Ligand code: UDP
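Only one chain comes next, encoded as structure tokens, the form predicted on its own.
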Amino acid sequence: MKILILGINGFIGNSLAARVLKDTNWEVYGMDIRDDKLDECHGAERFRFVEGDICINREWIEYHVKKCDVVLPLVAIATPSTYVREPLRVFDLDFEANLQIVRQCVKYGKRLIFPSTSEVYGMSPDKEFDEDESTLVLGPIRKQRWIYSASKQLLDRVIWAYGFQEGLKFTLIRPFNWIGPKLDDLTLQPEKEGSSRVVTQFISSLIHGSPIQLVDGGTQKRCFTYVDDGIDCLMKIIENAEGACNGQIFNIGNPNNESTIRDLAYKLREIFLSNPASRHCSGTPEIVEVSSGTFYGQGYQDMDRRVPSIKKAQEIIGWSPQVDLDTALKRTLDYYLDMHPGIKDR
């Protein structure tokens, strides 16, 4: 099997590529604007990488869509601060650039595995989000935070329509707060507010000794999924893409790993202080509250809870997540402590 992964240096892409090369005899072709997370892949005989941009290198992409069996377009902007501050940039990349790749899969009859998002459920009132039945409820237009969700949802509907009308073979996946090593890039300086996902935002604050900021009190609840569990599910989907998984949507999350953002902050700080490497950091950061308007901007809006139903993945492909929240957080934090230049050299 030949697999094309666009955005291969991203969190899901690099983890998937490493697993494919380790556990299968499949060939991997990848494109991204950087390759700093692909250390486990470079040098492998079945790995081909090109540095490029999906908005620019369109001929290369079309050639490799035609050449490969399975296409995973994983390129997207997935940080809330960008949704609020640069909504058009989010739409251009997350919808328009990816739509061209979807149409190429239709043109050449290729299997498409597309990353939807848990955000498409928006403010759905359901206690658990069901892939096929839950309503998708978004906020008002003036809250541009929803442009990411709306772009992803519209592309979900377009992909479904291509499957319905033109026989496109596809699977949509909806990751729920995947965490783990290489989640985001942490530099020597504290992360800009809202510039990364919540776990790495908190880890950056811990390492640099800056206050951990709880947006609107941190009462929101999320379910966190360790990346190895998520990749296990994704591998099963790839293996069954033409069979049981064709035309399906799968939530990939861990409903047992639910936590408020406030509890997450305190839990991470406790794990951090128990690690001997933390003594080389800048003390014990305080945990403070900040309004969403201050942290993200006036175009932000949030949802209280996101809990996935994973019955479909359990029944169709026999997948269930295994890694508990404490273990997932510890593995993630240990990775960043080990990689931080001010710590690992001591």
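Note that the coordinates shown come from a computational prediction; the quantities given were computed from them, not determined experimentally. All residue numbers refer to positions in the sequence shown, first residue = 1.
Heads up, the form predicted together with uridine-5'-diphosphate isn't pictured, but that's what we're talking about next.
Item to check | Interface stretch in the model of the complex with uridine-5'-diphosphate - options 105-113, 270-278, 231-239, 212-220, non-hydrogen atom within 4.5 Å | outcome: In short, 212-220.
Next on the checklist: My question is simply whether residue 296 lines the interface with uridine-5'-diphosphate in the model of the complex - judged by any non-hydrogen atom within 4.5 Å.
Outcome noted: Yes, residue 296 lies within 4.5 Å of uridine-5'-diphosphate in the model of the complex.
Checklist entry - Is there a non-hydrogen atom of residue 248 within 4.5 angstroms of a non-hydrogen atom of uridine-5'-diphosphate in the model of the complex? => result No, no contact at 4.5 Å.
Checklist entry - Might residue 177 be said to contact uridine-5'-diphosphate in the model of the complex, defining contact as any heavy atom within 4.5 Å? => result Output for residue 177 is yes: heavy atoms within 4.5 Å of uridine-5'-diphosphate.
Checklist entry - Any of the heavy atoms of residue 40 lying within 4.5 Å of uridine-5'-diphosphate in the model of the complex? => result The answer is no: residue 40 has no heavy atom within 4.5 Å of uridine-5'-diphosphate.
Checklist entry - Between the options 202, 129, 226, 170, which residue brings a heavy atom to within 4.5 Å of uridine-5'-diphosphate in the model of the complex? => result Partner contact (heavy atom, 4.5 Å) among the options: 202.
Checklist entry - Which residue among 123, 74, 198, 93 has a heavy atom within 4.5 angstroms of uridine-5'-diphosphate in the model of the complex? => result None of the others qualify; the residue that does is 198.
Checklist entry - Even though the chain is shown alone, can you say which residues of 251-285 have a heavy atom within 4.5 Å of uridine-5'-diphosphate in the model of the complex? => result Sequence-ordered list has one entry, 261.
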